[in-house]
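In structure tokens, one chain follows: the form predicted alone.
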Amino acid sequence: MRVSEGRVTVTVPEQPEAGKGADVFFNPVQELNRDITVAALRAYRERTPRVSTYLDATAASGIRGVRAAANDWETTLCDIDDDATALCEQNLERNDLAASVRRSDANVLMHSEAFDVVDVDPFGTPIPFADAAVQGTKHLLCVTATDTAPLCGAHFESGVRSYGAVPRNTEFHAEMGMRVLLSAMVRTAARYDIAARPILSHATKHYARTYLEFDHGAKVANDCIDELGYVHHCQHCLWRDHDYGLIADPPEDCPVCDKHLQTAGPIWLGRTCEPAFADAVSEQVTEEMGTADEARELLATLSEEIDTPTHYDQHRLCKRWGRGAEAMDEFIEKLRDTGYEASRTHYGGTTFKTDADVVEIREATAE
């Protein structure tokens, strides 16, 4: 089956019947992810002109790496599977592109060679590649995680094992998953005196994706560790708070309703996105991309999200309060008119961020 994305046309496996796996994995749902990746690579090259080399560490069909090569990156495509590497070579030849194809364990390659940009987009968790990816990255590490149930706490034990944190299945579960992933990657990088700071992140269509810019040195790595901490959450009234540090110190009970609190962490509490970089990426989205409109809308929302560690869902709040929901723009404007910061978020159509707590939200938005 042939698929056209951006500037390239590639051969990918036919989608298997239910219960049957394809020889080489291809996920059509990830087109938005790949479109934003290409735009991010263009924007990052303008941000850091000296970068030139790109590794698609888990290439499969090679569509991500082929698209990077079509955008003039010195590209290496790596996969341990013979069928996958053969398909990568075929797809490069089909598009008259030159790149290096390696049949290798990605961890072995990343431990032995370094690239300006490394992209780890595996099936499931990226954690088995995390140490090697940090070692093999010079400037920018791009990571996708599709194991959203462990990340957000729905599969609790798996999340603890994989990510070395306590995830909780809250109403802001997609953001919980993103921040658990970031915490794991930041802690992995810090072991090597590397600060891995997210400049673009989004949780979309059952995956989390982040772009981590590297800086080297113990001090900057410590600074990143200082942005880890815990979220304390009340499932009853939806109050939440957070505190920084690697030792959890939760309140005994919810200060609003006196119910038991759940604590999650250590998670990343810092910014998940640089607004200026999100804007720069949006400028690099071009009409040949099949998800151009969706990508621009997503990036605009990311750029405008205020910097708080969790978001709220208006419909969930209003259900708890026993009142009807209202138009999101009107709801957010009420918060702003009362003096609070507020913005919509990319996590869902009824989600928002604000510096008001749950009691202040209810009072500010009352009829």
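Just count from 1 along the sequence shown to find any residue number. Because the structure is predicted, anything quoted here is derived from the model rather than measured.
The discussion below concerns the form predicted together with a small molecule, not included here.
Q: Hey, with the small molecule in the predicted bound form, do R34, I63 and A106 all fall inside the 4.5 Å heavy atom range?
A: Every residue of the spot touches the small molecule in the predicted bound form.
Q: P275, G270, G290, P122: which sits within 4.5 Å of the small molecule in the predicted bound form by any heavy atom?
A: Residue within 4.5 Å of the partner: P122.
Q: What is the one choice in C237, I80, A280, L261 with a heavy atom within 4.5 Å of the small molecule in the predicted bound form?
A: Among C237, I80, A280, L261, a heavy atom within 4.5 Å of the small molecule in the predicted bound form occurs only for I80.
Q: At 4.5 Å between heavy atoms, is F129 in contact with the small molecule in the predicted bound form?
A: The answer is yes: F129 has a heavy atom within 4.5 Å of the small molecule.
Q: Do A57 and the small molecule share at least one heavy atom pair within 4.5 Å in the predicted bound form?
A: Yes - in the predicted bound form, heavy atoms of A57 and the small molecule come within 4.5 Å of each other.
Q: Quick one: which of 338-346, 63-71, 40-48, 319-327 gets within 4.5 Å of the small molecule in the predicted bound form, going by heavy atoms?
A: Of the options given, it is 63-71.
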